[in-house]
Structures are given as structure tokens and as C-alpha cells.
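Shown below, as C-alpha cells, is a lone chain in the form predicted on its own; questions about how it binds or moves come after it.
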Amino acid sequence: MRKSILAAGAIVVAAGLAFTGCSAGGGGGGDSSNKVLTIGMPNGPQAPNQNPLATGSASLSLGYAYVVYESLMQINELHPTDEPTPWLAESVEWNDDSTQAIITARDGVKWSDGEDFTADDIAYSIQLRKDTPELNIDFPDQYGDISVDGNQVTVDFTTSQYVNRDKLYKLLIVPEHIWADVDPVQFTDDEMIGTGPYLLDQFTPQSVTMKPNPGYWGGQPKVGTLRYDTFNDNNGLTTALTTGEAQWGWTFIPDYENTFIAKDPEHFHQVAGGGFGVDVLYLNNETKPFDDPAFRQALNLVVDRAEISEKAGYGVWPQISNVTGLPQPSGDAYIAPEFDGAELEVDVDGAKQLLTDAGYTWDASDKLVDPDGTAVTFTLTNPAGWSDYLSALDIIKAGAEELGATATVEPAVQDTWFNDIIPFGNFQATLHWTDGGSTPWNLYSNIMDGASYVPLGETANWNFGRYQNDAVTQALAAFKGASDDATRAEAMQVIQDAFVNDAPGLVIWSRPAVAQYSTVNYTGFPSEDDPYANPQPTGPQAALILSKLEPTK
């Protein structure tokens, strides 16, 4: 297999762990191979912060948090409607309106310092998030009572979590006996006491090594040494993957078939899956020129998504065709009837007519002038080194120029973009992803939800463009809280009407989970024939994937 695009309609994840105590072979001694598996990420030098709950920490940025700490359940993000696989929880049972979850803790699990893992650790990890808003990204102000009875934890929510069940399954659980005595926000977690298959061995700003956890409840990992190397940008990681220096990772590789696969067609693979994830051009709805819906709609009509997918995405990112912004076929069942078959098409004349009707004019140099008499200019911003995003911005810039607007592409320092530009709304237009989820709710909520609105200058977790529409906010809440399909369909109609007619942000392309890997040293990664998990190493699924890897002879 030279490349794999995972088909929809899938193969269900096999339940249970596959770590065994069998001899690994492949030059390995004992139960684990001595072949190193190096995971690469293009995230630059890292500070020694191992906190698995703090956004931006090294352990989350590179992904090694997910082999030390584990989630309640494993979900297959490629097929979000599949039943979850038990992990630290043996089961999670929901009530009818999804306002209460009863979690049963797995027996026989120990923390890596020898202490027993219990239901109290689960309750503590959730209570910690409830008590610490900075760490409660997934359920802000939505936790109710949290109680323990034997090996079961009952979690009440203030609103229905029908659309957020996966987020509960993916929560990483930390030990109460360590974390109860520290500040969870400032804690750098140098020792990393977890339940997962690996322990922290050595840390440097450029490389982190992990060793097997001898007391792991799932048995001895067959990968004897895990190493996480960080590279300055996509090009650096691409070189590492094509030379074999790194054997697993995720980076955008232009012309990946010639650049990567062709270097070793037998062993090099790139896989991609479906789902609801997209990349969005977030438009700052509270500053010129994007405070005017007419200009947002006009720009939407001149963005050439086919060219962006082909030239900036090299076909890795599928084109979005429907005006609702939904990826297809994942989103087909959710497209409102009036938008079924309504395609996004480049229409410069239509865009200019929209602007004319809204009071825009053109000066003697054919530059666009807004109704206030100001020339229309804006800046498109994304981190330097994110070549697919920057190439897409160049094509969007060219579309804006068709209207007479002056656009500038301005690369930013990655840390600045993450910590200042995106959360505080210090941009006019910027590309950013959305959450996937098991329905389109996350896609639209991340762009349009008034429940996530904060004024410019305050930290936003989503709705980076500061869109406000009470009808949409109510419809998103109705979809999330509904217990029947008819209510959800009615809400989706309201949401999509606003998305199409207000253009609060522009969905640019579909963003399936993509990863590259080499099978020179280990086999068993997700593939076209066995799409059992999101193939990327930076998520709770890393523990599941590692349980399936086998050393080569």
C-alpha cells in the first residue's frame, strides 16, 4: 500500500487491549523490541512542562502525555458513530437526555508509583476541571454534582451533552494523591505518574524519550523505546520522515506521493480518515471589513476552494462543495433540504453585485471603497512554516483582489499566534481548525456559538471571530439538548440559514485526520484495510495504536 485514504463505512475497533507478554523478536530482548520508534512533530523547541491538562505544555504539544495518562474510553474518530471501546472506564452509561453519566472504573489498574487507581481518581480529575476554569475547555460551566459510590462515578451536567459525549470519553485521568497538593495550572508534572504504557525517561527541549511502564495493566508494550523529536517546521519533519529519522508523525507534505511515499514505497505510508473536522477562515466580525456581512458574503463568493484543495492542499485536504460547509459524505444526513445540492462556486460578478447593493464603490484605480469612503484592506495571518495554510491564504488574497480589496498575507510566530493572536481576537482573518465530534454541532458551534462569545481582548476558546446571533445560539443549544431527530433537524435549519446568509466564517476544506508512518521497524498502524483509530500520535488513541504495533523481524 503506497497511500491509504480510509473509506467511510468502516470496520469497528476491536475491543480490549492487545498488549501481550509475548516475545517481540526483531532484535529485542525480553518482552519488548529494542527498536526505537521515533515520533516527530513540527512544533519547535519545548519548555520542560509535562502537565497533561495545560494547553501548550510540551507533553500535549508533542503527544507523550497520551502514553502516560489515559482516557476513560477509546473512540474511533474516523467513524464517530461507532460504539466506544472501554479503557480506564469499563463502561459509561448516559440517561435519556444526556445530563448524567455513570462511569464504572476498571479494576486492577495501578498508577506507575504503585498506588491503586480508583473511581475517586476519576471523580477527582473531573472535579479538578470543574473547579479550575482554565483547564475546563470541554465543559465550561456545565458540570453539576460529581459523586462516588463504590467503583462508580456519577457526573451530572447542567445541560445535555448529547453532542459532547466523546469529550467525556477522551478526558485524561490524573492521580488524586499527586495532584491534590499542587496548583494544577502551574504544576509542571516533572515525574509524570500515570496509568499508561510508558514512563518519562529523559527530557530535552528537542527530544523526549519514554520507557515501558513495567506495571502497566495492559501488559508489556512491544515498542521498547518511544522517542519524541521536535522539528522547527513542516520541512524539518518531512526530511526526518523521508530519511527514516522519524517513523511516525503528522505534517503537511506537499506532493506527498513523490516527496515521501516514493522514497520507500514498501514501507512509507500516509493515511487519512473522514469525520466532521474542517479548517475555517475565521473572520473578525467586530472589525472592518468583516463587521459587514455583505463583504463576508462577497469574499465567500471569490474563494476558489477547488484551487486551494489542489494547489495548497495537494489533494490531502478534500474540497468543501456544499454551501453549508459540511464535509461529505459525513455531513450528508445533516444538510437542510433547501441546501441539498447547493454548491459553492466562484462568482466574481455576483460578489461585486452584492457589494454594489450594499453601498460599496470602486475608485479610479478599481480599488474597493466601503460605504464609509474607506479603501478595503485586510491582513491574513497564520504561523510561519505552516505552508499549506499560507499557500491557501495566498489564493484567498488573490480572490479578494478580484474584488478590488487589498489583502496582505502576514506570517506570525507560532507561539504568538497560539497565545495572543487567536484567543484575543488580534486578527482580521486567520485559518484555524474546528473540533470533529460525532455530529456537525462542533463545526458550527466553534464558528458561531454565542455561548462561547467573549469581547475582543479576552480569551476565547472558540468563536474566535466573535459572531453573535441569538437565534443561532438558541438553535445550537436546542440541537445539543434535543432527545429526538425532529428537534435536531429544526435547529440545524436555523443554524445553516445563518451560516449561508451571514458568512460568519468561511469553511475552506475538509480536515480529516492524517498521519505518516514507516513500517520498517513496526507494523500495525491504522490503514485503509484496518481503520481502527485516528492515525495521529497526539491523542488518547496513541495508547490503543501502540497496543497493536508489532516489531518487524
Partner chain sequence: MRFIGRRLVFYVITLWAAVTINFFIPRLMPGDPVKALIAKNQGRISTDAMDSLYALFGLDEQVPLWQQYLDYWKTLLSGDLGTSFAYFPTPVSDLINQALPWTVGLVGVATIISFLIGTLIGTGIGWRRGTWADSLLPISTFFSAVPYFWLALIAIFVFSVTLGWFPASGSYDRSLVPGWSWEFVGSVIYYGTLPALTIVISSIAGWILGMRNMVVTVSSEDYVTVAQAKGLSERAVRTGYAARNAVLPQVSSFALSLGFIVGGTLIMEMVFSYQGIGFMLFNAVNAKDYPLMQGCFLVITLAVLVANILADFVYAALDPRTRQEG
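In this text the structure is predicted, and so the values were computed from the model without any measurement. Positions refer to the first chain, counted from 1.
Below, we refer to the form predicted in complex with its partner chain, which is not included among the displayed structures.
Contact with its partner chain in the predicted bound form, defined as a heavy atom within 4.5 Å, holds for exactly one of K311, K397, K367, K167, namely K167.
Residue-level contacts in the predicted bound form: of Y143, F339, F418, W362, one residue has a heavy atom within 4.5 Å of its partner chain, and it is F418. Although the partner is absent here, S57 is a contact residue: one of its heavy atoms lies within 4.5 angstroms of its partner chain in the predicted bound form. In the predicted bound form, R227 approaches its partner chain with a heavy atom inside 4.5 Å. Contact between G108 and its partner chain in the predicted bound form is not found at the 4.5 Å heavy atom cutoff. Its partner chain in the predicted bound form is approached by W386, whose closest heavy atom lies within 4.5 angstroms of it.
Partner contact region in the predicted bound form: 229-237, out of 67-75, 371-379, 229-237, 117-125, criterion any non-hydrogen atom within 4.5 Å of its partner chain. With contact defined as any non-hydrogen atom lying within 4.5 angstroms of its partner chain in the predicted bound form, the contacting residues in 424-459 are W433, T434, D435, G436, given in sequence order. The pair P318 and E528 approaches in the predicted bound form: their C-alpha atoms are at least 3 Å nearer to each other than in the form depicted.
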